[in-house]
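One chain comes next, on its own, written out as structure tokens in the form predicted alone.
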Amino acid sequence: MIGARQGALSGFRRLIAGAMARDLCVFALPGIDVARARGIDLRAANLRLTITPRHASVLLFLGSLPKRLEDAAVVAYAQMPRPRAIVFLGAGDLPDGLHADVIGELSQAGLINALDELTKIISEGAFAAQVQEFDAPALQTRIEYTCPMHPEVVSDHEGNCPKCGMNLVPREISAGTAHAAHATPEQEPAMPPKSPPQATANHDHSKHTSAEATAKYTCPMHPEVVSDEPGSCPKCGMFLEEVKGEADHEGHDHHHDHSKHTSAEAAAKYTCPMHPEVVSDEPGSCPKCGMFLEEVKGEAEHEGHEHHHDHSKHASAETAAKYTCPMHPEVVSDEPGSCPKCGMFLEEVKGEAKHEGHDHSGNDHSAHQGHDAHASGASADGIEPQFMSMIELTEGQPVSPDGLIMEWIDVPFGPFFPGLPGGLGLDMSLDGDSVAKVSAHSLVSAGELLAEGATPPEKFVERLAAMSPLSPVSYRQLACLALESAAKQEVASSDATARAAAVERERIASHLGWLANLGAQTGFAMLERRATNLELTIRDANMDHIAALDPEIASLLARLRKSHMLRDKLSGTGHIDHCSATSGPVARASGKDDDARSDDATYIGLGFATVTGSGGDAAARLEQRLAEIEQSCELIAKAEHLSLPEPAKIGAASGEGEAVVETPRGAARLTLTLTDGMVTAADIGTPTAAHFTLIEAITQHAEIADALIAVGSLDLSPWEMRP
């Protein structure tokens, strides 16, 4: 046994192994919904179901998984406690790194036989003296870099944030995490640190001292690193800083014409918004946090310098406004910016004249010895300035319905989340307990309809049905109708009616499966249990058996219609207006008269009439599906017999064909080309593709539980999505 627990199998451990073999807990992949759709009853096989692999002892594969799900399956196996086993039903291969303990047929009988064999294996091999550590490529970790202030900025390399300039920090993620695959438009590649531009001076450098001409540069964090030129530290990457000696022009007497001074002599100072004690003569990055230094647009520092020029030009600098923090009035600055303590925007101090006592009658700069803090002006405007500062601080960010702005948290759901279809992935950004934004993607997207070029009709029908495991009968019918349209063949009325009955039987089973998922989401155990049993029973039932199930179905529907708690939970959740993009129960629950069966001669002969509802929320979609279950039972009762759709003999026909079938989730349309009896081109449109676009609207600002129920109410099939 591959997943045995370490320890010699003897004495008491044999009893433990036997008990484990009789109490198997299963986690099914790609999902319990697929197991039910394939007619596999896990509970009838004496398996306990779990919604998390952390509580499972058996990982059950229902056939091979699409490539995009393989890494998730490996992670699920790694989370299972020992002893753990893998049962693989059907044909195909397991993901790299996994090995099946038991292999069986993809059927209920195949599952029973596989479990009988597994029981013996666990009884004899639950413990082993030596066990192998499980490892796989999907479990390896890699390092990526992100900004502490802007987590949406992610890079594979070190560097600076392109938004604020801070150093990107490393974090470990799983090697199987496809971060870039679902990147949002805000995610920008991090830019590498730029070398600080070198200031230039236009005056005569021949007067500079030798110390100035041979400046040294060193790293603030590694002083042993010394260079003759500016650049980056080879150890940590920080910008090298100039080593300033004693000869720094202190007390120098400049009696030459200042009209010729360049910007280098009157160079601006640069400081860090987060560390105001960091001051530099040149633009660059803060050596402490890596943020871009900002220019200090205050008064020129002229201490000890004798300048014989006209001071009438200093008026704007001397009358410059002061800025302070609303929360920390002791923080005062000559220019707008952010508070180094809390990050709030500094506000202008609107007090008395700020330069009283400054004497500008001559060239004496002694009046510039200090700056008044004017801290009392910080609270003069009361709470309103603070409120405005918070708005400015969060400018450009969405606001929650309650008016608060909280840090967003990105949370993934799926692809094996209980209550949602297997293979569906949701990436939600949570603003507190509500959903700020969401994106959905399918990890089981359908492949190409004609993977091998020209395809025989029979093989094309089987391929299309296999690509849609949640509703294979409907897609078999779609393929058959399109082939017959291209070949200009007519189907006998009795055969058409029998096919329609098979599609309606699948509609009942599919809606019951949706009810089982709803029970799992809402914690309504009775609903999950009864809907599951009915779905498994009716999927392969003949007409007489379906008629015998009518009372039990009617009893469940009546019970649900009387459940005020369930209706209260669903009312107002996931509201959708009358939308042209919708189809199927989702559209009809909004009052839209949209049903492909209304134009089908076979259904018209059975007395079909479109059933519509009103409300457009999850409660309306519940009632719509209950009504359609009743209607499908009536249509089956009117049919003479029931049989699965089978393709007619096409021969060597050529032509273009088109067909539309109302699947359990809405209208699906197929167009194809026949060339000498072979399908040479095909294109399909499915209802799920349109309903995926509704997810953002029905989850916006909803609480997380309501958002998941709203998505579930759409009854999406990730298998219907095209790559």
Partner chain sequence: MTIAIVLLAVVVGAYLVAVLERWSVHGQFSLSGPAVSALALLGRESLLARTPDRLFFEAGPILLLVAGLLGAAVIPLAPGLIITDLATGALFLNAALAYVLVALIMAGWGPNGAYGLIGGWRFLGQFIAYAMLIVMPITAVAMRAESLMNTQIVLSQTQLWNIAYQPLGFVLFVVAAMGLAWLPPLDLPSAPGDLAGGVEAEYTGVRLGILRLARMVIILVMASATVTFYLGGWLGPVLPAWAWSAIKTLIVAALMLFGGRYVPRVREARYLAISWKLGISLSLANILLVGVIALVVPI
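This one's a predicted model, so the numbers in the text were calculated from it and none came from an experiment. Positions refer to the first chain, counted from 1.
Just so you know, the form predicted together with the partner chain exists too; it's not on screen, but the next bit is about it.
- Interface membership of Lys437, defined by any non-hydrogen atom within 4.5 Å of the partner chain in the model of the complex, is ruled out.
- Of the heavy atoms in Ala454, none are within 4.5 Å of the partner chain in the model of the complex.
- The closest heavy atom approach of Glu458 to the partner chain in the model of the complex falls outside 4.5 Å.
- Taking the partner from the other structure, the partner chain in the model of the complex has no heavy atom within 4.5 Å of any heavy atom of Ser445.
- Residues with any non-hydrogen atom within 4.5 angstroms of the partner chain in the model of the complex fall in just one of 649 to 657, 536 to 544, 484 to 492, 414 to 422: 414 to 422.
- The partner is absent here; in the model of the complex, the one residue of Ala620, Ala500, Val473, Ala520 having a heavy atom within 4.5 Å of the partner chain is Ala520.
- Only one of the listed residues (Met526, Met149, Ala554, Ala609) places a non-hydrogen atom within 4.5 angstroms of the partner chain in the model of the complex, and that residue is Met526.
- Contact check for Arg5, Glu703 and Asp706: all three have a heavy atom within 4.5 Å of the partner chain in the model of the complex.
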